[in-house]
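We give C-alpha cells for two forms of one protein chain below, kept apart as structure 1 and structure 2.
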Structure 1
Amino acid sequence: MTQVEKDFQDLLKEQNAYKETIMLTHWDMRTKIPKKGVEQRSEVVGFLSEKLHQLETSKKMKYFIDVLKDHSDDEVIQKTVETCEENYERSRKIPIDEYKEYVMLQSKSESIWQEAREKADFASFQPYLEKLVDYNKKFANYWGYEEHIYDALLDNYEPGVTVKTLDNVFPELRKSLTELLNKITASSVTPDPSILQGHFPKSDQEAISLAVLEKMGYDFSSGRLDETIHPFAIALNQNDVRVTTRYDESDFRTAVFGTIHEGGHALYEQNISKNLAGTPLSDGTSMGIHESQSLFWENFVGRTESFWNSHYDLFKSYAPKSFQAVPLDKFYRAVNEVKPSFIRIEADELTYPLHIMIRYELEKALINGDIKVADLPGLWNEKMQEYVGITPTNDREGVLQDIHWSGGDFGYFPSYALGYMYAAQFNHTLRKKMDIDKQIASGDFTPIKEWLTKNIHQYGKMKKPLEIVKDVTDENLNPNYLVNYLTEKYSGIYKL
C-alpha cells in the first residue's frame, strides 16, 4: 500500500468516527432520550453532520479521488474511491448551511412526529413535513435528473431503479395481488385469529424474541435488542449492530415477526466481509437488498409451516396458558391470516405491498408538486379504501404511522416492495440449491445464513443492487416469483 492510500484510509477513519457518533446519537434519540433533551441533541447532530459533510467534500477528499482513481491495484480501494467520488459529487452540490439546517430539522421532526402520532394530530407535524418536502425538492434539483425529479431521490436508496421501473412493475403487481385478495375474501375457508388473542406479557415476548434471534445466528457479542416506537436495525460498525422491536401485549406478532425482520437486517450487516471494514463499502448495497434480507427471514423462514413445526414448542414455553391448547395447524393458519389492516408493519404478506404503493404514489405526487402536504390525510384515506378496502379512523393509524417522512426519507419507501420481490426471487433460487423446508424444519439455519452471506452479505457495496440480483438468480428483477409464492401459499391456507 502506498503512502497516499494510507493517508486516504486515515481520512476515511476520521469520517467514520463522525458517522458512528451520529448514528449512536440517532439510536439514543429513538430509544432512550428524555423529551427535553431533543432540542440540544438536534443541535449536536447538526454540528457533527456539518463536520462530516465538510470532510466528504473537502479538497483533501478531491485530491485522493483524483490521485487514486484508476491508479490503485487494490480492488477495494478502487471501489472505495468510486463510492467516495459519487458521494462527493452529490454532497458538494448542497450548500453547507442548508445541509446543516436540514439535518437539524430531521432530528426535531422525528420528535415532533412521535408526539403527533401519539395524539393522532397531523396538523402539529404538518409544518415540519412541509419544510422537509421543500428541502428534498431543492436537493433533487441540485443533484439533477433526466426524466423525473423523484428519480434523484430514488437514487439515494436504490441506485439503478427509476420511476419508469416502478411504474412498469407496480401496476401489474397490484392487479395480481388484488385478484388474489378478492379470491381469498370470497373463500368460505378462513383462519380463526381469535385463538391468538390474550394477554402476552412484554417480558415473555422479549424472551422469545431473544431466543429466535439467537437461532437465526445473530451475534449478541456484536449487538443488542432494545425497545422503540418504530422498529429499526442500526449498524454503528460491524461489531456493533443493534436491533430494536416494539411490544404489544395484546398481539405478540408485532414483536416476534418484527424482531425476525430487523434481525434479517442485522445479519446482513454483521456478515459483510471484514476486508471492507472502515470503508464506505461496509454497508448494505441498497435499501431494497437490505429489505430483501429482512423479509426473507420474516416471511420465507419465520412465517412458514416448516418453521412453526419445529419451533412451536419453543414458542409455547414462553407463551401464556391461553396458547397451550391451540393446535399447531390452527396456529399456523392464524398467524398467516390475510386481513387488510391499517398499519404497514403489521400487514399480512399479501396486502403489505399495497401499503408501499400508496405511499410511493403520494411521495411522487408531493415531489412533483401535484399535491400539497395538507392534502395527505385525506388522500391517504382515499387510497387505503381504494387499494386495501379500509379507511383509517384517525391519523395515527393512517398518514402518521411510519417514521420515514419525519426523517426526510423520500425515495426510500419503494425499496420495501422491491425488497419483497428480490426476496422471492432469492428464495426461488435457493430452493433449487437446497431443500429449504427440510432445513428450516431441522431448526439449523446455518446453511441458509451461509448461502446468504456467500451470495449477498459479504459484498457490502462492492456490487450494485441489480447486479446482485442478476448474479444470484441469473435474471433481472422478476415480480412473478412473488406473485407465484403468494398464490401457492394462500391457495393452500384458504383452499382456493
Structure 2
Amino acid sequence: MTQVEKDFQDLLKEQNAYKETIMLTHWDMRTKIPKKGVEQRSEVVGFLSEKLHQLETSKKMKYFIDVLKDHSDDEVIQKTVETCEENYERSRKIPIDEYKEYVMLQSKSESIWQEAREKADFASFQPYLEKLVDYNKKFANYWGYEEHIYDALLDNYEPGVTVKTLDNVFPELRKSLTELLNKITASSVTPDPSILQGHFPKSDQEAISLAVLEKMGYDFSSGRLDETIHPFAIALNQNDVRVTTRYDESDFRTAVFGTIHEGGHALYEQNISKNLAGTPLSDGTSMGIHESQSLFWENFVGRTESFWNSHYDLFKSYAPKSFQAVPLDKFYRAVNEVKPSFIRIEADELTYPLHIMIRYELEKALINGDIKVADLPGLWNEKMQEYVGITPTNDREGVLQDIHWSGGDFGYFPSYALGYMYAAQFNHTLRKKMDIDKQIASGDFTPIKEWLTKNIHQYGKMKKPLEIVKDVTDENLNPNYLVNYLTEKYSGIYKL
C-alpha cells in the first residue's frame, strides 16, 4: 500500500468512528434510553452527524479522491474512492446553508408528523410536507438527472433504478396482483386467523425469537436481540450487527416474523467480506437489495409450508397451550391469510406491493409537480379503494401512517417492492440449484445462508443492485417471479 493510500485509510477510520458512534446512539435511542435523556442526546447526534458530513465533504477527502481515482491497483481502494466521490459530489452540490435548514426542517417535521398522525390531522402537517417536497425538488435539480426529476431521488436508495425501470414493472405487477386478489376474495376457502389468538407472554416470544435467529445462522457473538417499538436491524461495525423486535402479547406474528425479517437484514451485514471492513463498501449495496434479504427470510423461508412442517413443534414448545390443539395445516393457512388492510406494515404478502405502488405514484407526481401536497389525502384514499379495495376512514390510517415523508425520504418506498421482486427472482434461481423445500424442512439453513453470502452478502457495495440481480439470476429485473410465487402459494392456500 502506498503512503497516500495509508493516509486515505486513516481518514476512513475517522469517518467510521463517527458512523459507528452515530449508529450506537441511534440503537440506544430506540431501545434503551430513558425518556428524559432524549433531548440532550438529540443534540449529540446532530453534532456527530455534522462532523461526519464535514469529513465526507472535506478538502482532504477531495484531495484523496483526486489523487487516488483510477490510480490504485487495489480494486477495493478503487471502489472505495468511487463511493467516496459519489458521496462527496452529492453533498457538495447542496449549499451548506440549505442543508442545515433542511436538517432542522426534517427534525421539526418528524415531531409535527407524530402529533398530526396521533390526531389524524393532515392540515397541521401539510405546510411542513410542502416545504420538504420543495427542498427535495431543489435537491433533485442540484443533483441532476437524465429523464425524470424523481430519478435523482431514487438514486439515493437504489442506484441505477429509474422511473423507467419502475414503470416497466409496476403496472404489470399491479394487474397480476389485483387479479389474484380478486380470485382470493371470491374464494369460498378462508383461513381462520382466530386460532392464532391467545396470551403469549413476552418472555416466551423472546425465547422463540432467539431460537429462530440461532437457526438462521445469525452470529450472536457478533450481535444481540433487543426490544423496541419500530423494529430494525443495525450494523455498528461488521462484528456488531444488532437485531431488534417488538413483542405483542396478543399476536405473536409481530415478533416471530418481524425477528426473521430483521434477522435477514442482519445476516447480510454480518456476512459482508472481511476484506471490505473499515471501508464504506462494508454496507448493504442498496435499500432494495437489503429488503430482498429480509423478505427472503421472512416470506420465502419463514412463511413457507416446509418451514412450519419442521418448526411447528419448536413453536408449540414456547406457545400458549391453546396452540396444542391447532392442526399444522390450519396454522399454516392462518398465518398466510390475505386480507386488504389500511396499514402498510400490517399488510399481507399479496397486498403489500399494492401499498407501495400507491406511495410511489403519489410521490413521483408530487416531485414532478403533477399534484399538490393538499391533494394527497384525497388521492391516497381514491388509490386505496382502486388498488386494495378499501377506503381509509381517516388520515391516520391513510396518508399519515408512514414516517418516511416526514423525514423527507422521497424515493425510498419503491425499494420495498423492488426488494420483494429481487427476493422472488433470487428464490427462483436458488430453486434451480437446490431443493429448498427439502432444505428448509431439514431445519438446516446453512446451505441457504451460504448461497446468499456467496452470491449477494459478501460483495457489500462492490456491486450495484441491478448488477447483483443480473449476476445472480442471469436476467434483468423481472416481476413475473414474484407473481408466479404468489399465484402458486395462494392457489394452494385458497384452493383457487
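Fair warning: this is a prediction, and the values are worked out from it, not measured in the lab. We call the rigid core the largest set of C-alpha positions that still match within 1.5 Å between the two forms. Just so we're on the same page, residue numbers count up from 1 along structure 1's sequence.
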Label of the structure corresponding to the form predicted in complex with a further copy of the same chain: 2
Taking the rigid core as the superposition reference, indicate whether the CA of residue 321 shifts 2 angstroms or more between the two structures. no
Establish whether a shift of 2 Å or more occurs at the C-alpha of residue 210 between the two structures, with the two forms superposed on the rigid core. no
Residue 89: with the rigid core matched between the two structures, does its Cα shift 2 Å or more? no
For residue 118, give the CA shift between the two structures in Å, the superposition being done on the rigid core. 6.1
